[in-house]
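Same protein, same chain, two forms; see structure 1 and structure 2 below, as structure tokens.
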Structure 1
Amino acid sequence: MKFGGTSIGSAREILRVVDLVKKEPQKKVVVVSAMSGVTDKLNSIANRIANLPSTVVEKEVEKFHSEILAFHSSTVRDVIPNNPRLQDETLNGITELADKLKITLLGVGYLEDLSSKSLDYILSLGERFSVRIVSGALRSNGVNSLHLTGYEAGIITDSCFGCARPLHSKIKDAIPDKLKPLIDSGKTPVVTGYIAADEKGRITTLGRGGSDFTASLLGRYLGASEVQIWTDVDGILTTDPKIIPNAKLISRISYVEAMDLAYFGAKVIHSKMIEPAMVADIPVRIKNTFNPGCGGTLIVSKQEKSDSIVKAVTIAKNVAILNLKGVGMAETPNIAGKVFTLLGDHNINIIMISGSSESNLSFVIKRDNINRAIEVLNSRFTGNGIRDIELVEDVCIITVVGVGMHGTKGIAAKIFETVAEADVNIIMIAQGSSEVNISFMVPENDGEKTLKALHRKFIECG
């Protein structure tokens, strides 16, 4: 049972989570995110403090330390009101962590140096606070619980700080070795989502939103009967309800469709979480913490066509197109392979490839990666095949997903007709050979308008 940040956003919500955990009759592991907004706050103080004059570092760190300590401590008092010993024990744990945070932030501030390793350490504190609180709340309500970090639960990763990858050959035994004895002795472990450690025990993170991935890794290697993702919406909907409030619930969807949706912007689940569940054929259930009576969404292997050919539409922002040009590219064998290998070696993920001609190669990356990508491409290829690197920033990706599109003639034409009727220009198109999705780029300003037009045409009007 994985609970996201909003599901444990305050004492009231945490007590709701305690009820849900108590109601689940099966043996279970609980995974939690940081309390709502905490990871963002840690991220912004770390980046800010690294760029402040040293004269104000101490004051700023002191202020942040007392705010974060007060916030978590008052939650502890509210969720453990009647057990002074347990309350004290939990408060001491929180204070110790807050002190570690303070020391690390002071180091970052004085040295004006925020490495990705230090940032991961700082970001990990959110979940390390929250597991103590949720586990304390469970104990205070009669559940035999204990808290663990992802590493203590057996998740060992490589040393790619900020986007660490699990070492499957190690964790396949480490996870059951660490967790099974606890579960079998009747305990309910509460594990930090998102964070793990490398082989040297240094804290790593799995990428933002990575608590879902933690849950499916644990589910896979424990042979769970189900992975439950408890969040703040009824399940996977036909689109983001924050943009289109009348989005409808999808009660069943396949792993492949869910992965495409998540990969192209539906942040309700992290796209990386699908693979571990899929290889072990473990169903994933998305449930609403605030509406537990709703059946939610079940993600399974079977692909079922729904009445409407299109199941969902998504939007992914914060992306950019890089367009590499140069007649010399035609004479450089395997230029695409070389470009993508180089970017991969620098941990820059290619989200979408629009295809290439002999003298042109276009692909999509995250905006955060633009500077690094241009730097490495320039240093390797300038005057060596590639003449120009063109950057197109104000764009977004629209994706239409539905297994029913497979083999249905004319669906692409209908999609593009709808976009044209909305008076939106398509900049770039990509369709995977699975035909489960069609993705294309439009100007960012037209993104939501395009999403609404497609949702109206294919989902509301069927």
Structure 2
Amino acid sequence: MKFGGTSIGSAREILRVVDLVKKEPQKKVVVVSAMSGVTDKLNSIANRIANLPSTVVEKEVEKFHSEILAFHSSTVRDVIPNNPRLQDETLNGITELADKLKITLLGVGYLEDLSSKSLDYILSLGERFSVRIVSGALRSNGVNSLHLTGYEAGIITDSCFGCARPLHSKIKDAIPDKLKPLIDSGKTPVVTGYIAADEKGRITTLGRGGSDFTASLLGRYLGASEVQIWTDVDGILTTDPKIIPNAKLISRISYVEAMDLAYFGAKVIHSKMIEPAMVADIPVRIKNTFNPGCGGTLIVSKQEKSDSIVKAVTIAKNVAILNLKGVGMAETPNIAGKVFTLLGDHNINIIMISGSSESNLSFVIKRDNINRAIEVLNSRFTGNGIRDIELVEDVCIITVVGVGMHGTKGIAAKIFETVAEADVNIIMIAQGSSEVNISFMVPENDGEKTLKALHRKFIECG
């Protein structure tokens, strides 16, 4: 059972989570994120403190230390009101962590240097605070619980700080060895999402969607019957409800469809969390902490066609297209492989690739990676195969997903006809090898109009 930041955003929400955990009759592991907004605050203070004059570092760190300690301590008192011993034990743990945070921030400020390793340590404190509070609240309400970091639960990663990858050869035995004896003895482990550690025990983070990923990894290697992702929406919807309020809940969806939706803009889950569950064929259920009576969305292996060919439509903003041009590209062996390897080495992810000619290669990256991508490509390839790098901004990705698309004749033509009828120009097209999605780029100003037209045509009118 994984609970995100909004699910444990205050004492009231934490006590609601305690009730949900108590009502689950089966043996379980609980995974928690940091309390809502805490990770952002930690990231902000870490980056700000590294650039402040040394004369004000101590004052700013002291102020933040007081605020973060007061916030979490107040929450402890509210969720553990009637057990002085347990309350003091939890408060002491929170104070100890806050003091470690203070020391680390002072070091960053005085050295004027924030490494990825230091940032991972600082960001880890959010989950390390919350896991103590949630475990304490459970114990205060009669649940035999104990708190663990991801590393203490057996999640070992490489040393890629900021976006570490699990070492499956290590964790396949470590996770059951650490957790099964606890579970079998009647305890409910509460584990930090998002954070783990490398083989030297140095704290690492799993990147965006890391708490979901933690839950899925634990589920896989414990042989769980189900992985539950508890969030603040009823499940996966047919589109973004902020744009289309009458978006429908999808009650059942396949791993492949869910992965495509998550990868191309659906924010309920992260695409990388699907793989561990998919490998072990463990169902993933998306549930609403604030509306637990709703059945949510069940993600399973079998691809089931619904009444409509298209199951969902997503939009992904904050992206840009890079067009690489040059006649010399045709004479450079494996130019695409070299380009993508170079970008990968610099942690720049390629979101989408369009068909290329011998003298042209087009792909999509996140907008905040633009400057870094152009810099590394210029340093390696300009004048050496690539003549020009063209940047196309103010675009967005529209993705149409549904297993019913597989083998349906003319579906692409109908999709593009709908876009044309909305008076929108398509800039770039790519279709996944799974044949359950078609993605294409349109001007960002036309993104929401395109989304509404496709949703109306294929889902509302189906």
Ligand code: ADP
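Please note that residue numbering is based on structure 1, beginning with 1 at the start of its sequence. Values in this document were obtained by computation on a predicted structure and should not be read as measured data. Note that the rigid core is defined as the largest set of C-alphas that superpose within 1.5 Å between two forms.
Looking at both structures, it is structure 1 that matches the form predicted in complex with this ligand.
The Cα shift for residue 446 between the two structures, taken after rigid core superposition, is 2 angstroms or larger. With the core held fixed between the two structures, residue 185 has its Cα displaced by under 2 Å. Comparing the forms between the two structures, the C-alpha position of residue 242 differs by 2 angstroms or more, with the core used for superposition. On rigid-core superposition between the two structures, the C-alpha of residue 393 is found to move 3.0 angstrom.
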